[in-house]
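One chain is shown next in structure tokens, namely the form predicted on its own.
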């Protein structure tokens, strides 16, 4: 019982912002609003919200690797694409009977994580760090994107799944959950909304526990001073590799859920633009905190989509300007800076009231 309580106490700690009754009360209110949201909205809007939630996983992966680990990675969209394509190949070959899509989801994420093990091993144990790590991951991402874009011919197939080159793969079956009588189909509406929301809450809480554990403290120590952490006896390469693989798995989840949501995946999901956008979301939110990353990603995504609809030619320009302003005004993140300011304001209010 003591270990169980200690485990959940790690939801709060020095590596995450937000603690105490006020924070968790606000968290519960937001969660209740999110649970009730489909009851007061139309199907299109609910499906669009699922699209927003899907991208939060890749933002969290970058927050973990870059914000906490200190390793700037442009490879998250590579893992995103690997997860999405792996899910497509598996389900187009084996279908969705008996809830196989859930198995395909797990296997696809595992394939993305395995690729990260191979890539991360050569990078971290090869002592690649700093800007060179970003260059290597970007090169891998662009190579995968270029390779998949040229697989248009009929000879490019895995079983019955055609890769289709730049047009991508499509017509993948939706997620299904085995159920007596008739399976539950999670298409891009309320069913998928609750599934993705539940998975997002579980991942967010699990990452809070992880980052406030001894593992998370070591990762932050490596980010701050890798030489000192190594002198204290920690194998920093092992910790960096584990963090990289966890981040890849999260990006793979994002890719699989994106494929489930739209029932398609294209090489452009691994392109230069796709690789740069998560960096902006995380930088604006605050790369060194999970909550700031979630909030910042959702806000920036909503703004980007609105600009794409009403002024598509200015959307990417706006994102670039937003990144520059963030670096100049609030290098630790706009949302994180706002949260710290609100925290100081609350402390002052309590002091005056006392």
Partner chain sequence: MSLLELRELNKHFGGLHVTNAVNLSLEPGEIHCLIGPNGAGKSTLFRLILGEHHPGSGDILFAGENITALKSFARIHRGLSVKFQVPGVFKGLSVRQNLEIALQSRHRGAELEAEIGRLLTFLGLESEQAQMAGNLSHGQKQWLEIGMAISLKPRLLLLDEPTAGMSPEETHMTGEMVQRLNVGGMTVLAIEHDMAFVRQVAQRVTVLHLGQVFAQGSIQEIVADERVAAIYLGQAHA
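All of these numbers come straight from a predicted model, not from anything done at the bench. Residue numbers count along the first chain shown, from 1.
What follows is about the form predicted together with the partner chain, which we do not show.
J.: Determine whether any heavy atom of residue 199 comes within 4.5 Å of a heavy atom of the partner chain in the predicted bound form, and answer yes or no.
T.: It does not: once the partner chain is placed as it appears in the predicted bound form, residue 199 has no heavy atom within 4.5 Å of it.
J.: Please check if residue 146 has a heavy atom lying within 4.5 Å of any heavy atom of the partner chain in the predicted bound form.
T.: Residue 146: no contact with the partner chain in the predicted bound form.
J.: Does at least one non-hydrogen atom of residue 217 fall within 4.5 angstroms of the partner chain in the predicted bound form?
T.: Because a heavy atom of residue 217 falls inside 4.5 Å of the partner chain in the predicted bound form, the answer is yes.
J.: Applying a 4.5 Å heavy atom distance criterion, does residue 155 contact the partner chain in the predicted bound form?
T.: No, residue 155 sits far enough from the partner chain in the predicted bound form that none of its heavy atoms falls within 4.5 Å.
J.: Using a 4.5 Å heavy atom cut-off, which residue among 221, 111, 242, 140 comes into contact with the partner chain in the predicted bound form?
T.: Result of the distance check: 221.
J.: Heavy atoms within 4.5 Å of the partner chain in the predicted bound form: which of the stretches 277-285, 222-230, 263-271, 84-92 has them?
T.: The contacting stretch here is 222-230.
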